[in-house]
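Shown here is one chain on its own, the form predicted on its own, set out as structure tokens.
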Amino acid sequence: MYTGVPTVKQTAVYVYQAPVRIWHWVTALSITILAITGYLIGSPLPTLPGEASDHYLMGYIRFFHFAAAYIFIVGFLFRIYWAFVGNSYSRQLFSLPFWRRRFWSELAHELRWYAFLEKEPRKYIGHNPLAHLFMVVIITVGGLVMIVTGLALYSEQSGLGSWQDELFGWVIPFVGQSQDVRMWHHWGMWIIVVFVMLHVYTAIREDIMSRQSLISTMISGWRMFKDDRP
């Protein structure tokens, strides 16, 4: 007998394997540390009282920045490796089907959806086209740019002949000068910070409005799809 209360049909698909989920949260933590310490390196705190030798505050800030940077780099290299050995969804971060007309039409639909111009969201097992585009551009390409510029700046500290200088020292004269590389590195930080804020907003919005899980998916690996049935 129909009671008038809708039932919920729920399906689940295993999307993100454990290594991808661990990489995601480790990278999120390293980006947070890098953004905070990077800001303080660019805009140092006021001078502390007493002799400079009594304090090592900026030294600690730089240490945490460098440590988080190496964690980010190792995670990035591991993520490249896992794209080859993981499931098909783990490869989305390094491939973008921009040559497909359907990709761009679905991306336009997602733009209208986020602008509240579409009433019905489309459901995707992996990243939706808009998220896919931004993940590749910001995390993959942007992350690579931050690694290259960051290690180029670090080569000035490690000195001539270091592996950082041998591999990335050419970046500074190629771009122009050290300050130019620092500027691009600094702006890259702000681009990633804005992306993270939008990423968190859209993940929460999708969980609420599209009736498919996003946040819990990156914890459990399972994407849940809910449909109301009268």
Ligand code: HEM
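Numbers follow the displayed sequence, beginning with 1. This structure is a prediction, so every number in the text was calculated from the model and none was measured.
Form predicted together with protoporphyrin IX containing FE (HEM): not shown, discussed below.
Although the partner is absent here, Ile41 is a contact residue: one of its heavy atoms lies within 4.5 angstroms of protoporphyrin IX containing FE (HEM) in the model of the complex. The closest heavy atom approach of Arg211 to protoporphyrin IX containing FE (HEM) in the model of the complex falls outside 4.5 Å. Taking the partner from the other structure, protoporphyrin IX containing FE (HEM) in the model of the complex has a heavy atom within 4.5 Å of a heavy atom of Gly126.
Using a 4.5 angstroms limit between non-hydrogen atoms, Ser105 is distant from protoporphyrin IX containing FE (HEM) in the model of the complex. This chain is displayed alone, yet in the model of the complex one of Leu111, Ile147, Val141, Leu133 has a heavy atom within 4.5 Å of protoporphyrin IX containing FE (HEM); that residue is Ile147.
Using a 4.5 Å heavy atom cutoff, Ile31, Gln157 and Ala203 all lie near protoporphyrin IX containing FE (HEM) in the model of the complex. Contact annotation for 161 to 192: residues with any non-hydrogen atom within 4.5 angstroms of protoporphyrin IX containing FE (HEM) in the model of the complex are Arg182, Met183, His185, His186, Met189, Ile192, listed in sequence order.
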